[in-house]
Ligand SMILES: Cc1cc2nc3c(=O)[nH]c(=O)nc-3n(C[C@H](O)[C@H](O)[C@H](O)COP(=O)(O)OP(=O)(O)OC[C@H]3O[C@@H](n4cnc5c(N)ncnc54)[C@H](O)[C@@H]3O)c2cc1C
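Presented below, as structure tokens, is a lone chain in the form predicted on its own.
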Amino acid sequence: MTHLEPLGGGAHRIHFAGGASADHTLVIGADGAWSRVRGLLGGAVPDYTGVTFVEANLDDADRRHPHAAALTGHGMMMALHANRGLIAQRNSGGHLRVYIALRTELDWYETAGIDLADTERVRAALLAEFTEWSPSLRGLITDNDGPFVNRPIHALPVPHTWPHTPGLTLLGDAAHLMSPFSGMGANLAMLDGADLALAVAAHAHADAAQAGGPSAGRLDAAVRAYESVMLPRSVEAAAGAAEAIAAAIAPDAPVGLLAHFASRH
């Protein structure tokens, strides 16, 4: 999609690269963090949180990286201190995904004159950020298989809501992009999709005698019902995620994060 054109009465024309277009009575923005649909619903854009994850990967970890595998266990391990963090997560097939977290500038690697494709230069820069850390933890940086991947963490403002607009709605990251410290992003996206589908189906049932699905009025009522559930839920989750990342990658970490968890639970 290149852009979205309002046609009035809740209808919108979707324009695609190459000149094709399609008209629809409901457009659902499930187009991720940099959603173009969101531009017609207030236009909020994600902000950089001040934290970047640099991703590393360890393959066949139980055999090739046994210490890292034991350190991670069967779930996830987090080591946090003084605006830095090492987060290791076990995936399927003996794979470990590691996030090297830094509170830093968005263009940290450009400022340092580092090409992200230069794995050894990136590794050296990251190790310099963790000089006083245990060698067992630094192994999560030294032992990665393949290149590092730079992942700056962005989030939508909290709260992110929009005035109900006939013919448009959002779900997933388009609606509530938040830091991964919520642990809820993908789960909320799936729940959003299920709630929206159930709302549309419930309102379509009332128009079962009509061919072609629910009327525009009932479709709009379905979207209103969905948004009345989704928006409060996502605002609460996003607020928690913002608080968590601020506490996790912080000067007093992990003390502040533990206090945050205690206050919420």
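Start at 1 with the first residue shown and count on from there. Not measured: the values here are computed from a predicted model.
Only in words, not in the display: the form predicted in complex with the named molecule, which the text now covers.
Chemist: Consider the chain as shown here, without its partner, and state which of Gly193, Gly139, Gly185, Gly94 has a heavy atom within 4.5 Å of the named molecule in the predicted bound form.
Modeler: Among Gly193, Gly139, Gly185, Gly94, a heavy atom within 4.5 Å of the named molecule in the predicted bound form occurs only for Gly185.
Chemist: Looking at Leu231, Ala204, Ala30, Ala44 here, can you tell me which has any non-hydrogen atom within 4.5 angstroms of the named molecule in the predicted bound form?
Modeler: Spelling it out, the residue with a heavy atom inside the cut-off is Ala30.
Chemist: Taking the named molecule as it sits in the predicted bound form, is Ala189 in contact with it (heavy atom to heavy atom, 4.5 Å or less)?
Modeler: Yes, contact at 4.5 Å.
Chemist: Answer for Gly167 alone: is it within 4.5 Å of the named molecule in the predicted bound form, judged on heavy atom distances?
Modeler: Gly167: no, not in contact with the named molecule in the predicted bound form.
Chemist: Against the named molecule in the predicted bound form, would Gln89 count as a contact residue? Criterion: heavy atoms within 4.5 Å.
Modeler: Taking the distances in the predicted bound form, the answer for Gln89 is yes, it comes within 4.5 Å of the named molecule.
Chemist: Heavy atoms within 4.5 Å of the named molecule in the predicted bound form: does Arg121 have any?
Modeler: Flag for Arg121 set to no.
Chemist: The chain here is shown without the named molecule. Which stretch in 128-136, 78-86, 168-176, 107-115 comes within 4.5 angstroms of it in the predicted bound form, by heavy atom distance?
Modeler: Single hit among the candidates: 168-176.
Chemist: Could you run down 224-239 and flag each residue that has a heavy atom within 4.5 Å of the named molecule in the predicted bound form?
Modeler: Not one residue comes within 4.5 Å of the partner.
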